[in-house]
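Below you will find one chain, with nothing else, as structure tokens; this is the form predicted on its own, and questions on how it binds or moves follow later.
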Amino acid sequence: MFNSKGVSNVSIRMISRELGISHSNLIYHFKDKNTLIEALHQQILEAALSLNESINKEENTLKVLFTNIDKGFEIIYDYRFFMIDLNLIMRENARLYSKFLEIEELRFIMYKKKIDELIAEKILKPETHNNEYDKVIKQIRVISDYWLSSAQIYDANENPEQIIKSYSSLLKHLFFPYLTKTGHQLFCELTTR
């Protein structure tokens, strides 16, 4: 319901009616809409952690990163309401906002680690100026957090698979100018499959 109607247009009573349970039964488990959204956010987080664990066994760092982007976008699409209504959710739920910022710090560290590995493997070029890759990570955050809002406006008639593919490709292309010659070859191999 959140995906199809938006967070602000769905009430706890509407959810209980949709589930065919009483309002009191639903609020026994989730005292309000914010608590329910927190539980759904936890599901997103668990899916992302499980994904990270399953693909990090791969030896090719760029392939791990790109697979993480593709599969991560699929997870986010399943819970698209969260990113589409992100600003509203964060304004209305201080507890979740705080947790979201903590997770963002971890995501930043994860990207920084992957970038350092790619530099060591001579897939990415070393930084040419201070904190260059920190800015790239911030660009990643903007695309990761708001691609669904863009898709909702500009790609409303596309099928979900095409939307996910298009926007995950956009994110992967952020790395292209920073790749070495070897990195370019690997990038082409990974993106033309």
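These numbers come from a predicted model, not from an experiment. Residue indices: 1-based, along the sequence shown.
FYI, the form predicted together with the DNA isn't displayed, but the following is about it.
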T180 within 4.5 Å of the DNA in the predicted bound form, heavy atoms:
no
Check S11 for me: does it contact the DNA in the predicted bound form (non-hydrogen atoms, 4.5 angstroms)?
yes
Does the DNA get within 4.5 angstroms of any non-hydrogen atom of K172 in the predicted bound form?
no
My question is simply whether D32 lines the interface with the DNA in the predicted bound form - judged by any non-hydrogen atom within 4.5 Å.
yes
Answer key: of I27, I143, A47, I55, within 4.5 Å of the DNA in the predicted bound form (heavy atoms) is I27
